[in-house]
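Two versions of one and the same chain are coming, encoded as structure tokens; call them structure 1 and structure 2.
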Structure 1
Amino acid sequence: MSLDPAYLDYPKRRAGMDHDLYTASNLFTRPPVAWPDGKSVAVAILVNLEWFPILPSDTPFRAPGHMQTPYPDYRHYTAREYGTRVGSYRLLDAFAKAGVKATVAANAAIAERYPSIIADLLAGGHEIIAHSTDMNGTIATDLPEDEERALILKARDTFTQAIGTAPRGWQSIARSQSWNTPRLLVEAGFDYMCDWVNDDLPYVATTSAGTIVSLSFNHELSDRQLIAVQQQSMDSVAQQVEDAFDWLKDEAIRFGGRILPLTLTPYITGLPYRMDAFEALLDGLAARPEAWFATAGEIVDSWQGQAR
């Protein structure tokens, strides 16, 4: 049986990317970026503050970390709830001790169900960005466009009411997007998104509705990947983060400012036997003269304000 010639006919085959959202770019040939006060490494902490319905919808797919055993899955439900009842407050205390600010990607359901957490985040000077509606609010290409638009707008409007201003940033559940997501985010007024992981600096994505900044939070430096999936210790995570900082610091001497992303999950990092190593990590990074702890919005603003 011969292969249909059309099988090899791929209309997007060309040099560079196979889409028009952004062009191929070599990080090491771009004009250097300078962070405020002579700092060379922007340390960007992103906290995923999530609410998992006890019954997953699986539409269009089941979110990572969602319920796993037959309904009612109290085992996993209460483990996730540990983050909102305990873990998130431990992280807030750690941030306050180290004098650092974080970006919190929160489900809109958090604002509805746990308004005290939102108030404490704002009081601590942290930035809140939209992380869909709840952990059933996943996005993929087979999600109808009107449903995706409604999901994005509901998350935006819920936070606008809760915090008094529209969130500037967005992160999808599982960082999953459809072909429509960047455009719909632009239409909804978002300035930046934190789903793509292919860079150490922000860059611009172009849609038919306008542009949006992509700010990468490398999935490899996340507690879900390193601790929950790879079963590493917080001491090991801390060492890898410090190693990454050292590399980026040295690289910045030659090529300009860099970003060190660290993604945290309250029900993972917020457990008591991990907090000592985590607080030591924060203290060590805060003591580095090259470190600029910054929210996602601050990084985007600083980057956009420089000639590139």
Structure 2
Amino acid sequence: MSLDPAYLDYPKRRAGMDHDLYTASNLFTRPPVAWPDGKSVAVAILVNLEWFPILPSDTPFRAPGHMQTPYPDYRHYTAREYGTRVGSYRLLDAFAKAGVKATVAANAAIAERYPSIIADLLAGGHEIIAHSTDMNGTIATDLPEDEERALILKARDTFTQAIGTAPRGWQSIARSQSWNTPRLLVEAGFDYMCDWVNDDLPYVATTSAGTIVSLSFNHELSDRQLIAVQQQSMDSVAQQVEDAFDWLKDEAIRFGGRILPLTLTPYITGLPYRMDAFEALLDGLAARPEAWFATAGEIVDSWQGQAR
């Protein structure tokens, strides 16, 4: 038995990355970043606000959190709707109480179905970024390019109509991109994408159509990963986020501003028994003198405005 000889060819074995989307870079040798008002840790809370059709699509893949039982899956359809009707309002109230501005990555279906939620998000000062059409709008390389483009444009245009201005940011469902996604996002006029998880600061990604900022939202620091997948408690999540904050604020003294990302899902965090611990976490972070609660757009703008 032997392998195809090509298995031992390494055509991309070279200095730097094995692709051209972005260049290699050591976080600790970059010029230090300074956030506004002398703050050193940008706390970036991102909420995934999603609508799951009761008829799930497996093309190109079924979204995490989607229907699980045979049709009609009332259990998961309604439990996800709980997050939208109830959980997200618990989160919004908690944000208001703690003075937190968040980024909400919303399916376009939320704007179509529940325009009052969009109004409430905007009234709270939160930023809305596009999160595809609905939870059947998944992207992967086997999705034809014209279908992916149509999905991106529909999400963009729906929010443009609902908000009055085009959304500047994008997050794919499950952060899953095709080879084409960054270019299609550039072509659609997006300024930043929140899919990659390889950095603690923004960086520039380059496509044949131009550049786009990649703003990492660590997928591990999320209620989906820590609570739904890894079965940890909100108390543990809070401890981990506080430990992360402690580390980053110390690191920032020597190396410049840092970002602490936290991704939330209304139907996970927004349950009654988790909210007290979550609010205590928010209050604790809000009391930190180093904390700057910032939206994705505010972080990208501040970062882009600094000499590098």
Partner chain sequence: MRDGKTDPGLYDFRPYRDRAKIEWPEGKTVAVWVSPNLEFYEIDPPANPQRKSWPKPHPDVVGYGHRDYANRVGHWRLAEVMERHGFKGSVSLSVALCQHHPDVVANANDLGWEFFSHGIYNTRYSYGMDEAQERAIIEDSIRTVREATGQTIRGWLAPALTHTPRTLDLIAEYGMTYTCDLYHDDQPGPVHVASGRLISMPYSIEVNDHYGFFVYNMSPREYAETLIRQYERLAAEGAESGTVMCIPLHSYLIGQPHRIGPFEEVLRHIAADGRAWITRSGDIADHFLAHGYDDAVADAARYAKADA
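If you're wondering where the values come from, they're calculated on a predicted model, not measured in any experiment. For numbering, take structure 1's sequence and count from 1. We call the rigid core whatever largest set of C-alpha positions still superposes within 1.5 Å between the two forms.
The form predicted alone corresponds to structure 1; structure 2 is the other form.
Residue 19 shows a C-alpha shift below 2 Å between structures 1 and 2 [criterion: core-superposed Cα displacement of 2 Å]. Taking the core as reference, the Cα of residue 10 moves 4.0 angstrom between structures 1 and 2.
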